Each structure stands twice: as structure tokens, then as C-alpha cells.
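Listed next as C-alpha cells is one chain, alone, in the form predicted alone.
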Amino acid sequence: MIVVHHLNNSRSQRILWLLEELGLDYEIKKYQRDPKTMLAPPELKAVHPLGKSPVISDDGLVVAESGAIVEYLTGRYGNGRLVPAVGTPERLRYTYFLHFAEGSAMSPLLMKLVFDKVENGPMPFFAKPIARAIARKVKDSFVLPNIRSQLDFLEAELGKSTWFAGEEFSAADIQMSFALEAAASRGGLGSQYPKLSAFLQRIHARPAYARALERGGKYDYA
């Protein structure tokens, strides 16, 4: 039996969604973030040394990292579903966006989260002006331009096809969902990105997405 070690408000929600799209049986072991630090609890280190989510266990195997889990599940249980055929242009786009989601898209979004906390978090009064000035400078000169550049790129890519890999929904769309949901929740999507907004509406309307939410529990990015 596949066991998903599921951390609230994390990338592991994508794995629940993938399992629902594939129609596979699975169990969920839930973990809650520390309300102050927002870090995963130490119990996850008993599953994987890094103590992060997502991670799954299946038939004696432990698999971590979203992309690796997606490849493992579609390869072992997909029977060709949610993955374009080898040798097609769609397969190349699929592979690209499967890795782009974490390799490129999430980096500036994570940096924005960190520097937002630096700018707005509590600190000694004498340090606030300096810390806030540094945070704003980094965001304005590097973080926000990178986010805009990536969103512009993704908006243009969805102008080429309905889904990221082509006209058929694929696991690459599942993998891309977290970055775009994070961008939307942090105010990064507006009227200038209608195709990305429409993408989020389409995935949120999928029955498997709704089932994953029901099983996974509260998810702030939906």
C-alpha cells in the first residue's frame, strides 16, 4: 500500500492529487507544521533524514522529492496515463515543465516569502530600518523582476496549448500547480495573466483535485 506522509499546506498535496487522478489506493499519514516556525515536525525525519514533505513509502521503498515521486508513480502505476508518448514534442515539454516547477519557478517565490518575513517580522527597533531597506532592495532589484519574468513566460507558454505539455492534461500540470497557486496566493497573478488564472480555475474544477483536498484537509493555496 502506498503511504503518503502528508504535511499540511505543502507540496505533498500534489501527490494526493496525482494518486486521485491515477485512481490508486493509498493511505495518508498527516503531519502538522509548527505554528510559529512553519517547519515540518521532527517526526518526518523518521521517514526520511531531511524531514521534509512530500515523501511516500511503497512496498519497502521510500521516495522523496515531488518530481521523483511523480516519475515513480506514473512509471510504476500509470500505464501510460498522464505522460505523453516518448519521442513526441509533448513529451519534451512534459519533461521540461516537470522539472521547471521546482528547478526554476519556486526559487524566486521562496525568496519572496523569506524577504517578506524579514521586512515585516518582529526585530529590535534599531535593526528594523536597515533590515527592511535590505529586504526591499533585494525584492525590487532581483526577486520581483524574476517572478514577473517567469509568469510572463508561463502565460505565453499557455498561449501555445491548453495544458503545459500540450492539449492533454498531464502530470506536468500537477507539478506546476503548486508554484502557480503560491504565486496567486501572494498576489502575483492579476488581470495581466488571464491564461494562468484560467489554468488554476481548470485544475480546481477537476474532480480528482477536489477528492485530494477532501482527503488531505485544509490547504491554503486552493
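Source: prediction; values computed, not measured. The first residue of the sequence shown is number 1, and the count goes up from there.
There is another form of the same protein, the form predicted in complex with a small molecule; it is not shown, and what comes next is about it.
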Heavy atoms within 4.5 Å of the small molecule in the model of the complex: does residue 160 have any? no
Should residue 4 be counted as a contact of the small molecule in the model of the complex, where contact means heavy atoms within 4.5 Å? no
Does any part of residue 177 reach within 4.5 Å of the small molecule in the model of the complex? Heavy atoms only, please. no
Quick check on residue 28: any heavy atom within 4.5 Å of the small molecule in the model of the complex? no
Give a yes or no on whether each residue among 144, 150 and 155 has a heavy atom within 4.5 Å of the small molecule in the model of the complex. no
Since exactly one of 119, 90, 71, 102 fits, which has a heavy atom within 4.5 Å of the small molecule in the model of the complex? 102
Please pick out the stretch from 20 to 28, 210 to 218, 5 to 13, 197 to 205 that is in contact with the small molecule in the model of the complex, where contact means heavy atoms within 4.5 Å. 5 to 13
